[in-house]
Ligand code: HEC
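First, one chain by itself: the form predicted on its own, in structure tokens.
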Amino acid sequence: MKLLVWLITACWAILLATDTRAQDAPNPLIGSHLYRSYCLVCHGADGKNPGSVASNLGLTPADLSSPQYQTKNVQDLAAVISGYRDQKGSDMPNWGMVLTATDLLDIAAYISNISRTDLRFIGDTRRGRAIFKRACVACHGKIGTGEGLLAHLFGISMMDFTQSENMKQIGDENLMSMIRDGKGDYMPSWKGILSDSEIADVAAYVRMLAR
């Protein structure tokens, strides 16, 4: 057991030493992906409703949207995540033995934004990219410039999602509404084909295409 603890500690030290992003500011967008990988199964997507693992095990995770956590700064939140098992009665893993210091700060930065309705935080851009490639490229083009094959064949003028000034004119809810309900003569409704969460994912990806 002592050897195992020593090995884990040594690996943690190596990770810290090789963490090239350690000097960067905590990134909540990176943290959102890490949260989905490590935290969502217990804390849920919104941080306040138990995820599938917690529900199956009969656990009651902390409400991350509560003032107890939302009033903490990012560094303090990262410290809580890192050594939570040190607290008596906690069922949460000691993530400081697994994740790098930068990962912990990124997750903490995301948790501090978990109640926001900004698409960047409620949509999963990686899933959105996969949906975009499957469902949107034919008209909107591979990188969202509006130069897809069908747009060329039918002579349809498409919006260029990479133009940030144009995209700033479209609110998040309006963007999701266009995807969900369709718009004009050519944009179809994806309601019933994509779920609400998938619509949020692809909208978040489209939002990221702006330069």
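These figures come from a predicted structure and were not determined experimentally. In case it trips you up, residue 1 is the first one in the sequence shown, and so on.
There is also a form predicted together with heme C; it is not shown, and the following applies to it.
Evaluate Leu105 for contact with heme C in the predicted complex, applying a 4.5 angstroms cut-off between non-hydrogen atoms, and reply yes or no. No, Leu105 is distant from the partner.
Considering only heavy atoms, tell me if Ser164 and heme C come within 4.5 Å of each other in the predicted complex. The answer is no: Ser164 has no heavy atom within 4.5 Å of heme C.
Give a yes/no on whether His33 approaches heme C to within 4.5 Å in the predicted complex, heavy atoms considered. No - in the predicted complex, heavy atoms of His33 and heme C never come within 4.5 Å of each other.
Is Lys48 a contact residue for heme C in the predicted complex, using a 4.5 Å heavy atom cut-off? Lys48: no, not in contact with heme C in the predicted complex.
Using heavy atoms only and a 4.5 Å cut-off, decide whether all three of Val74, Ala130 and Leu153 touch heme C in the predicted complex. No, none of Val74, Ala130 and Leu153 comes within 4.5 Å of heme C in the predicted complex.
Need the contact residues for 57 to 73: heavy atom within 4.5 Å of heme C in the predicted complex, sequence order, or none if there are none. Stretch hits, in order: Leu59, Thr60, Pro61, Ala62, Leu64, Tyr69.
Given that the shift is 3 Å or more, do the Cα atoms of Val202 and Cys42 end up closer or farther apart in the predicted complex than in this form? Farther apart, which means the C-alphas of Val202 and Cys42 are at least 3 Å more distant in the predicted complex.
Since the CA distance of Tyr110 and Thr125 differs by 3 Å or more in the predicted complex, is it closer or farther than in the form displayed? They are closer; the C-alpha distance drops by 3 Å or more in the predicted complex.
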